[in-house]
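What follows is one chain in structure tokens, specifically the form predicted alone.
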């Protein structure tokens, strides 16, 4: 595949394998990590010929590197989140070890979903670094470093400062922040409820396993009822053994919810960037107004007035300032000096006006692009969560029907005794 036609043709992306590896980190210390095999294959080719599958291994840190780069260069986009590093909101009887095979498999699926989200995004899919992530085996991180994205990243302290000091925040972004908080709260509640349901479900199935064992043991000591008890026990055992597959489906449902739990932070990242831009705009406007006032005072001279300072009569402009006091104490500037200062201020004002105009345009463009992507995200969220909740409801109905069938079969066994 070539870089020029990557975004124009259909491709298939998959994270097909996960492999535990041991290596040395930046501090030359041995560490254990998981690497993932990424495979890409073109579905359509311009000349109609088949194309071989490209594959390469990436560790989790490379996925994080890619996402951090996208956050810096596409601040107006709700960048898809990565799956969790360690199990959260996990059903308590399942392993929470991040090297656990079941967890690694779920993370593999999550990383594949992350790449598919990027590939389906109308803007992110065309990014050169994303293309190289899928195709360049070596020196990919060096290529990312050359973009200088780390130097362009906004510090959290600066973002926090902007949050508290912005005087005229955009109400739409305030509402978006509330929307993200509510989304996170609702999803967190759903995950906690799901964990309790899974816990209770596990208990119900294990009770059926106990029934199966009791009926099987009972059948060994009963001659006339033995066959019926053994059949009933078999139905109970089959029902109890299906819990593993059901809990796997439960975890898949939880991972779908967790993706949107992490999307809430991606929404807040867009809000923080807008606050930073708004803060810079307000500071630029304030600086420009200050320079215009200084220039006006120098140009007009102002009305003079006198005050006493330490026994000295000081004549100053109508606006009293420390600068005016020092001028009176240490000598009046010459007309040439005043003209030079006025000229310098006029140049700074001209630059400030251009800068303010540029920041205004940049801000309007950011808001336009951000809201277009937020609307796209909301449509995606509504579609995905609707499907996930419907699938979960269907799964619960199916389990209930299976339970009814088990007890119907057991009842027939008992009635034949």
Partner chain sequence: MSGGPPKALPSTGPQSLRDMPHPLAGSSSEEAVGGDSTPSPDLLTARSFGDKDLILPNGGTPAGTASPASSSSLLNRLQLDDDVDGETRDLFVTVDDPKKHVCTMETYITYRITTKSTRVEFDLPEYSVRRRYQDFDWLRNKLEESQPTHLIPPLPEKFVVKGVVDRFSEEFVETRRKALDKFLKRITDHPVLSFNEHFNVFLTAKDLNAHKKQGMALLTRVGESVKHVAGGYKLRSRPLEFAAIGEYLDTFALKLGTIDRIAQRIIKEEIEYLVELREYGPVYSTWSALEGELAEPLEGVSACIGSCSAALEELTDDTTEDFLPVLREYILYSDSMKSVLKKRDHVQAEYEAKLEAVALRKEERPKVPADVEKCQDRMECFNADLKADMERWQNNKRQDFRQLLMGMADKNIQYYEKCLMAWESIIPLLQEKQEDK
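What we label the rigid core is the largest C-alpha set whose atoms superpose within 1.5 Å from one form to the other. Residue numbers count along the first chain shown, from 1. None of the values given here were measured: they were computed from a predicted structure.
Keep in mind the form predicted in complex with the partner chain is missing from the figure; the text below concerns it.
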Looking at 72 to 80, 188 to 196, 274 to 282, 148 to 156, which stretch has residues with any non-hydrogen atom within 4.5 Å of the partner chain in the predicted bound form? 188 to 196
With heavy atoms only and a cut-off of 4.5 Å, decide whether residue 20 touches the partner chain in the predicted bound form. no
Quick check on residue 337: any heavy atom within 4.5 Å of the partner chain in the predicted bound form? no
4.5 angstroms heavy atom contact with the partner chain in the predicted bound form for residue 41: no
Decide whether residue 167 counts as a contact residue for the partner chain in the predicted bound form under a heavy atom distance cut-off of 4.5 Å. no
Counting heavy atoms only and using a 4.5 Å cut-off, do 214, 393 and 401 all touch the partner chain in the predicted bound form? yes
Which one of 138, 101, 122, 203 is close to the partner chain in the predicted bound form, taking close to mean a heavy atom within 4.5 Å? 203
367, 60, 374, 389 - the one with a heavy atom within 4.5 Å of the partner chain in the predicted bound form: 389
Go through 144 to 179 residue by residue and record those having a heavy atom within 4.5 Å of the partner chain in the predicted bound form; state none if no residue qualifies. 179
Residue 150: with the rigid core matched between this form and the one not shown, does its Cα shift 2 Å or more? no
After a rigid core superposition, would you say the CA of residue 139 moves by 2 angstroms or more between this form and the one not shown, or not? no
By the 2 angstroms cut-off, has the C-alpha of residue 210 moved between this form and the one not shown once the rigid core is superposed? yes
